[in-house]
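A single chain, nothing else alongside it, follows as structure tokens in the form predicted alone.
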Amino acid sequence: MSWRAASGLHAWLAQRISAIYMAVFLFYFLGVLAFCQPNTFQAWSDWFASTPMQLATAGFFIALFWHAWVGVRDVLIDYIKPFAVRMGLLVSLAITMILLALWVVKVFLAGAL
């Protein structure tokens, strides 16, 4: 198996695993909202402050960023042929993903204070 084929398999698996995790998380989240919605801000805050929910939400955002990175990266690699343009777009994408991840961390930390 060539390196390129292995890379394609890893990207395919990353997309599928992250999509499944995000779907399960969203199904759970929407189920809670539909059937036992927190009525007050305190109930909502307590639900999100629980360790399992914090871990699940952090896992959701990790899966989301991983999914987005792999998907957009593969599209850029496949369809943008000039090397300099492709590298510029990949660097821009990486910076954007890092900034978005830092923003999510800031939101998480602001909720913890």
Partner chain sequence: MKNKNIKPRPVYLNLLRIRQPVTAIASIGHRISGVLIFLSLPFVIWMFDQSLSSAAGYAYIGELLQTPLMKLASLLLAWALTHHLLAGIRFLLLDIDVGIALDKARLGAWLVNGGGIVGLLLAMVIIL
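So that the term is clear: the rigid core is the largest set of C-alpha atoms that superpose within 1.5 Å between two forms. Numbering follows the first chain given and starts at 1. What you are looking at is a predicted structure, and each value in this text was computed from that prediction instead of being measured.
We do not show the form predicted together with the partner chain, though everything after this point is about it.
- Contact between residue 35 and the partner chain in the predicted complex is not found at the 4.5 Å heavy atom cutoff.
- The partner chain in the predicted complex is approached by residue 107, whose closest heavy atom lies within 4.5 angstroms of it.
- In the predicted complex, the partner chain lies farther than 4.5 Å from every heavy atom of residue 98.
- At a distance threshold of 4.5 angstroms between non-hydrogen atoms, residue 72 is in contact with the partner chain in the predicted complex.
- Residues 64, 65, 67, 68, 72, 74, 75, 78, 79 are the members of 63 to 80 with a non-hydrogen atom no more than 4.5 angstroms from the partner chain in the predicted complex.
- With the core held fixed, the Cα of residue 27 is displaced between the shown form and the other one by less than 2 Å.
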